[in-house]
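In structure tokens, the next block holds one chain alone, the form predicted on its own.
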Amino acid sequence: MFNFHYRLERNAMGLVLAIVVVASIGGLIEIAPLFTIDETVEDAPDMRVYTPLELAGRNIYIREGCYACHSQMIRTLRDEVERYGPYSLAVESKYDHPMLWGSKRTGPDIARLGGKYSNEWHVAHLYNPRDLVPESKMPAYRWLMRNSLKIGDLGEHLAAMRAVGVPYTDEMIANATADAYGQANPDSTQAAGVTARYGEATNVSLFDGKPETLTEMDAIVAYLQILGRLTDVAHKTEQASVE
């Protein structure tokens, strides 16, 4: 067997062909499950897309490297489910480009963070984590409160997401800037348009506590508050398995 390997290494064409064969076998094993993707990915009729403000917050989350310390995928292990909630389902990430499942947890998994804490808690935590969690290693993100959110190009962001399969409508794209402002200003005339386009359950709130300006803090808190709440299918699946 070893002599065959040595002979193969001395034969350039034979070695190339062997590499191609082995790589093809590995590739086939990885690709084959995709042919049954329609049967393996759960159906979620109530799944909704990110609003422009939430999408902007997700972009800031990526920009600041938050995914390097927080995963967004709860495994099926018992201790994970008991700590974080129902395990993650594939359908919950169908509109995530790129996906942020992650594997490193310097901080806790946040796949089901939405609604767990108040807006005020998130603002205080991002401004100085140690005010709420003294042992936290997370850096402070005070500039999010100072930085005005860039919203003029949000329509282009939604159009780019539609190009990769996210079902944004022409109306959503055309009103992206107004909807971003309206979601963070419940008393504004634009707020009604957000719920009309994205559903009554959309979280329209004064995220950073300051109605006079739209900040990056508004966006990232809006994003954190929707994590695990784009669909309720995981909780329904868990309930069905218990019954």
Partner chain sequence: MIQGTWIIQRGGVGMVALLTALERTYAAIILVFVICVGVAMAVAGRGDLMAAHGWIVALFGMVVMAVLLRGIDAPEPWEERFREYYDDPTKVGIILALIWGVIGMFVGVWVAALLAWPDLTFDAAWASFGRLRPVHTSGVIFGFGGNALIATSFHVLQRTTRARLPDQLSPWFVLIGYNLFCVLAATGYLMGLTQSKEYAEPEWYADLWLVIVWVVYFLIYIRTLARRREPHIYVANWYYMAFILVVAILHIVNNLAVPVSIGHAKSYSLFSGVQDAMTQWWYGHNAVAFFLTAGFLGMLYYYLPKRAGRPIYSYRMSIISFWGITFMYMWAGSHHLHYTALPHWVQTLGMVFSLVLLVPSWASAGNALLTLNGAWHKVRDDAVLRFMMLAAIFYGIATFEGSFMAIRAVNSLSHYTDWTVGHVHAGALGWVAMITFGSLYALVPWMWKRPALYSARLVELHFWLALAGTVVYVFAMWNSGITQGLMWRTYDQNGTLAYSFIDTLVAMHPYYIARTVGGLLFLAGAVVAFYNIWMTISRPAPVDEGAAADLPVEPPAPRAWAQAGE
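Rigid core (definition): largest C-alpha set, two forms, superposition within 1.5 Å. Since this is a predicted model, take the numbers as computed values, not measurements. Residue numbers count along the first chain shown, from 1.
Another form exists, predicted in complex with its partner chain; not displayed. Remarks below refer to it.
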Quiz item: Quick one: is residue 98 in contact with its partner chain in the predicted complex, heavy atoms, 4.5 Å cut-off?
Solution: yes
Quiz item: Is there any non-hydrogen atom of residue 114 lying within 4.5 Å of its partner chain in the predicted complex?
Solution: no
Self-check item: 4.5 angstroms heavy atom contact with its partner chain in the predicted complex for residue 94
Solution: yes
Exercise. Using the partner position in the predicted complex, report whether residue 157 sits within 4.5 Å of its partner chain, counting heavy atoms only.
Key: yes
Quiz item: Can you name the residues of 54-73 that have a non-hydrogen atom within 4.5 angstroms of its partner chain in the predicted complex?
Solution: 55, 59, 62, 63, 64, 65, 67, 68, 69, 71, 73
Quiz item: With the core lined up, does the C-alpha of residue 65 move 2 Å or more between the shown form and the other one?
Solution: no
Quiz item: Does residue 201 show a Cα shift reaching 2 Å between the shown form and the other one after rigid-core superposition?
Solution: no
